[in-house]
Structure formats: C-alpha cells, structure tokens
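Only one chain is included here, represented as structure tokens and corresponding to the form predicted on its own.
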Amino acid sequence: MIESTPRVASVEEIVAELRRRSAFVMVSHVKPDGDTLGAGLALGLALKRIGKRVVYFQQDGVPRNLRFLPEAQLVTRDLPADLPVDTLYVFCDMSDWRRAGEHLPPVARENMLDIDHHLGNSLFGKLNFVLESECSTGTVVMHLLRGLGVPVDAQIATCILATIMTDTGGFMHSNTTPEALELAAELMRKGADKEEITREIFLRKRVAATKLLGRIIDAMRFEHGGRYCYSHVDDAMLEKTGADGEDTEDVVNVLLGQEGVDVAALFKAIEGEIRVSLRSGGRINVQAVAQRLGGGGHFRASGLTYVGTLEEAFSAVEAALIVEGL
C-alpha cells in the first residue's frame, strides 16, 4: 500500500525493498551527467553482487566523457520484454520522474524508488531516499551500499567517486565538505582511479569544444554592474565549429569564473529547444530562480528548459534573478 503523504524512507526500509525485489531498472535522467549515471551504475553493480537482475535505462546515449565508467556499455534505451511485473525502477538524481524522458515505458508508482539529493524533490516514488545535505546522489547511494553490506570494490568505488567529483566540480565547489573528502579518500583506497576520472571528465577536450568555447566567450554579456554574466550557444555555432551538445558541458562555470561575477547563465538553443544552465557564486539561490521557470537543481547549480524565443528566455531568466536578489 502506498502512503498518501510522501516521505523520506529510512536506510533499513530501502534495503529491505532492495532485498525483496528480484529485478531492477536503474534510470538516469536525460542529458546525463556523472552523478545520475555513476549513482545508478554503482547501485546496479552492488545489486548484481547479491544475485539481482539489473538493467540500465537511459534515453540519451552515454556522453563521451563517461564511457570509461564500469558497465557504461550496458546502458540502453531498449528494455527487455521479460522483466517481472514487480521490477523496481530506481530513479537516480532527479526531482521528478519525468526527467527520465518520454521513452521510458509507463511505470506504476508502487514500482518507483526515488534516490536523490536535490532541493525540492517531489518525492514521487513508493519509496523515496532523498538526502539534501549530500554532495551527490552517489553519496546518497553509499548509505544504501553500507546498509546492504555489499563490499565496495574498485568498480563501485570508481562510480561513486565519479559522482562526487562531478557534483563538486573536481572538489572546487562549496559542497566539498570534509565528509565528501573523507569518502573520496576511502574510495581511492578501495581502488577508484581519481586520475582517470579527472582526465576523462575534466581535462580531455576536443578541439571542436575549444573552438566552441571561444565563440561562447565572444558572445558573453555582462549586466547589473558586471555581477551577472550570460552567453548562449546555438545550432549555427555548433555547425561552424564541428562541436555538439556534449561540448557545452561545464562552459557555464567559465562564465561564473569571470572577475566580479556573482551569477552566470548559459542558454543552449539547440535542436529546437532552449535549455538554461545557471550557476551561482553563493549569493543568489539559482535553484529558486530555476524553480520559478519550471526547472530545479541546487542552491548554486540549477537548470531549466524554456519555451519561447532566445531573447524571451534572456528576459525571463533575468527577471527571475532580480526577484531572487540580483
């Protein structure tokens, strides 16, 4: 029976459900990053260790910089036809199940487990394990791995460390707590390859990506006394540089890093859709900004999809930023 009032379940409740079920689909959100994918792979690997059947669903392909993760090659959009009716769908790193995309088959709420660390999670599952104080969804998963008693090997450790490094920006963001660093050290001792994670996620860039970055920098605008920096990327810029949507990842942090900037936005007008990435230096709550426009995320990092023209998106985001104290 599903409770009428959604709540956050205990580790013991989640572990009991994981032990009770026989089959699982680990679900990543659209435009996947290292947290959604790494968290799902880590828990999936652990469940396989105790004899469970695990499938990894992701609507979009695995980004180039995450293909090194263990079992990333098993991620698919096509689910097996013979999954049991009580298969548990585990949604990692999303405030709402719809972020999984339209290609996910219909799933009854009683078969949903919501694992997340975002502010404003809607607690959409039968069971919800949402710890807003954690730096990544992967560190939320660590609580469950300890509860399951599954030994963390090098493969699982690599996946969890990738989530931490993704969501702390390689240990640069303010969510890099002492606990996050202590866990990272523990994972490295268990075999996680920090150098490979650093190289693949943060350092290795295509020439096309570097060319695209130059065009985005050329298009930068500064408003409100230089406290707000924003830029955009569109299909024409991608075509001229030979880049693609993956090459826009982390560019918004370059905008935030400009001298005197409190908050930054990158508008991605690609393939008929406008996606906005927001970053804050700590004074402005961009999660609240994104939420005003139908998005979500964290206090310092959030995003949204805007329906309208690019200029309308510029105006709408600026107006929301002003309301939140820009």
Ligand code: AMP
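Note that residue numbering follows the sequence shown and begins at 1. What you are looking at is a predicted structure, and each value in this text was computed from that prediction instead of being measured.
What comes next is about the form predicted together with this ligand, which is not displayed.
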query = Want to guess which of 39 to 47, 54 to 62, 256 to 264, 277 to 285 is within 4.5 Å of this ligand in the predicted bound form, heavy atoms only?
reply = 277 to 285
99, 298 and 304 each touching this ligand in the predicted bound form (heavy atom, 4.5 Å) = yes
request  = May I ask you to check whether residue 118 falls inside a 4.5 Å heavy atom distance of this ligand in the predicted bound form?
outcome  = yes
